[in-house]
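This document opens with one chain alone, in structure tokens, the form predicted on its own.
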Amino acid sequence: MPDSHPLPTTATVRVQRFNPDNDKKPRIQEFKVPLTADTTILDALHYIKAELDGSLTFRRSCRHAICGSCAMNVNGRNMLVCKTPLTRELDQQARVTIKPLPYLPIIKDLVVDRSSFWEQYQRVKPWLIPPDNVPEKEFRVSPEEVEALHNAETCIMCGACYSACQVIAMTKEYIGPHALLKAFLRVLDPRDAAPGERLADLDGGDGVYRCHTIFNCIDACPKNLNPTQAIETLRKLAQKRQAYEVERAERQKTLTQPVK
């Protein structure tokens, strides 16, 4: 809501409702909620559930040390509702529209089935595969090697990028920007012993070459990460996979030595 307008005392929250036991298709239901400058969209949903309609169903794990589960579609954009001020998303009539993440099956109301999301994540083997000779103390990774990862480890798996992807809208066979970002993290990690295997798996028709480079994943990411750039890097590395495997093997011979 523009700063030039005085803050109203209430806001109209338009929520997409869908109960598969009773509804043939989703519908929009409006609720009036109290509004302050500190009210977040998640606060508004909690108020609706506690005070107006206990049947409202949404997913969140905020303040439980599990971040990322409250991603929803607000006014057509994917975001985390726990950190989004309600005032920021209100239109001139003090309204906001909240829907579940798109392109995923709706379980109920704002809760979607993320099975395909997690299946693709598991497919890329997001864990570190260490070399045979693991040091007793630590690996020595250079600051430059850490910087090359572009903070990909800060991805919270919220699904905002996945359900903003136009390719996902067409096929769930696509690995997806979230999983490819995690694959990027492991492929570029000098401690990982399986970059060639990873790149070979990502080189198919449902991998890095399926990305249409529309940048929706960048716009949707609440952590300001760049899955598109990671995918482009994986494409380049896949084209020189064997040479990259040799390079990694040579680097791992010096992983226990102090970084100069």
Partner chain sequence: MSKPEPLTHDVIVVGAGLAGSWAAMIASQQGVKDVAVLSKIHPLRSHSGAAQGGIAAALGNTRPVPSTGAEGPLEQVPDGSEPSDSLESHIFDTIKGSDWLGDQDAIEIMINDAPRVIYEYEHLGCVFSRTPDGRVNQRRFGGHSAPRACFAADWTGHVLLHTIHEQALRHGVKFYSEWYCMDLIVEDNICRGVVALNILTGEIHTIRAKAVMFGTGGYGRAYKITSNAHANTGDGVAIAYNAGVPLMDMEFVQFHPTGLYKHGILMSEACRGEGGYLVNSQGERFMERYAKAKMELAPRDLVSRSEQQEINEGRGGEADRDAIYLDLRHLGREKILQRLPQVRELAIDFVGTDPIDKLVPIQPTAHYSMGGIPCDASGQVIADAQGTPVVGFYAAGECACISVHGANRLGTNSLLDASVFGRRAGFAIAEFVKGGAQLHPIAGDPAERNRQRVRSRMENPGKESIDKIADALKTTMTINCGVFRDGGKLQIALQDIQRLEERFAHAPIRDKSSRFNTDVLNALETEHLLSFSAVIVAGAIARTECRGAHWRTDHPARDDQNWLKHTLAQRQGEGEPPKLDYKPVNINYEKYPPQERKY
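Numbering follows the first chain given and starts at 1. This one's a predicted model, so the numbers in the text were calculated from it and none came from an experiment.
Quick note: we don't show the form predicted together with its partner chain, though the next part is all about it.
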Q: Just give me the single entry in 34, 205, 54, 26 that has a non-hydrogen atom within 4.5 angstroms of its partner chain in the predicted complex.
A: 54
Q) Which of these residues, 149, 94, 104, 74, gets a heavy atom within 4.5 Å of its partner chain in the predicted complex? A) 149
Q: Spell out, yes or no, whether the shortest heavy atom distance between residue 66 and its partner chain in the predicted complex is within 4.5 Å.
A: yes
Q) Counting only non-hydrogen atoms and a 4.5 angstroms cut-off, does residue 82 reach its partner chain in the predicted complex? A) yes
Q | residue 171 within 4.5 Å of its partner chain in the predicted complex, heavy atoms | A | no
Q: Mark residue 214 yes when one of its heavy atoms lies within 4.5 Å of a heavy atom of its partner chain in the predicted complex, and no otherwise.
A: no
(Q) Going through 150-171, which residues have a heavy atom within 4.5 Å of its partner chain in the predicted complex? Please give them in sequence order. (A) 150, 153, 154, 155, 156, 157, 158
